[in-house]
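Read the single chain below, which is given as C-alpha cells and is the form predicted alone.
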C-alpha cells in the first residue's frame, strides 16, 4: 500500500483536486451553471442507474477500437519497418506519407460512411487510419535511427535476414515504436468518439451525444467520467505491456 501511494500519490492528489474544484464551482460557490454542471452527487446518483447501458456501450466501443487498433499496429509496424530498411523506397514514399498525414481523418468521415458497406466498417476504417499514420511514421523514424554498427555487425556475422529483423532491428526500434503506439491509442479513442457521432446506435460517445440531445447533462457528465476511467485503465494495461516488452530499458 505504501509503495502504491509513493508511486501514485501525486496522481491521487490531482484527482482529489479536480473533484474538490468541481464541488467548489457547483455546490459551494454556484459559479458554474447548475443546468450544464449538475452537482456531483446528482451526477453519480443518477448515473449509477445507467451503468448497464454504459457497459453495453463499452462493449460496442471496444469492439471497434480493438479491431481497428490491432490492424493499425500490424500494418503500421510491418510497412514502416520495410520502408525504413529500404532507403530508395523511403525517399520516394516519404513525401506522399507527409501529404496524406496532413489530411485530418475526421474530414474523411462522410466518404467512409457513403463508400463502405456498413457503419461499423466505416468506423473501423477511420480509427485504423488515424492510428496507422502515427505508427507508420514513428516506425520509419525508429528504424532509420538504429545505429548502423548493429546492422554492420549482423552482416559480418552473416546473420539471416529474418533473424536480423527480430533480434536487432525491432528490439532496437521498439522504444520509439511503443511511443508511437501509445500516441496512436489515445488518438484512436478520440477518433472512436468522432465515428460514433455519425449513425451509431451504441457506444460511449453515442451515449454522451444521445443524452445531451435530451439535455440530461447529469448523464452526459457521468458518461465523461466513465469514458475517462476506461481510457485510464486501457492506458494502464498498455503501460504494463510496454514495461514488460521493454524490460531492458529504464522503464519503471
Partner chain sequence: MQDIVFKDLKFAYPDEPGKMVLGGVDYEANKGDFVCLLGQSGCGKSTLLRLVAGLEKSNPEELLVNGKPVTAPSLERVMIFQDYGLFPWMTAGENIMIALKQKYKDWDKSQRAKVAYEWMNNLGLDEDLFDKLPANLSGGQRQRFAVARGFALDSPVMLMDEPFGALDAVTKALLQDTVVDLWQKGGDNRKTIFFVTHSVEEALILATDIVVLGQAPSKIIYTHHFTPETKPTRDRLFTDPEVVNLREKLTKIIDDEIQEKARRVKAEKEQAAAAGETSGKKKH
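For clarity, every value in this text was computed on a predicted model and none was experimentally measured. Positions refer to the first chain, counted from 1.
What comes next is about the form predicted together with the partner chain, which is not displayed.
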property	result
Residue 150 within 4.5 Å of the partner chain in the predicted complex, heavy atoms	yes
Contact test in the predicted complex: residue 110 vs the partner chain, heavy atoms, 4.5 Å	no
Residue 167, heavy atom within 4.5 angstroms of the partner chain in the predicted complex	yes
The partner chain contact at residue 172 in the predicted complex, heavy atom, 4.5 Å	yes
Segment assignment from 120-128, 141-149, 79-87, 92-100: heavy atom within 4.5 Å of the partner chain in the predicted complex	141-149
Site check 155, 160 and 247: each within 4.5 Å of the partner chain in the predicted complex by heavy atom	yes
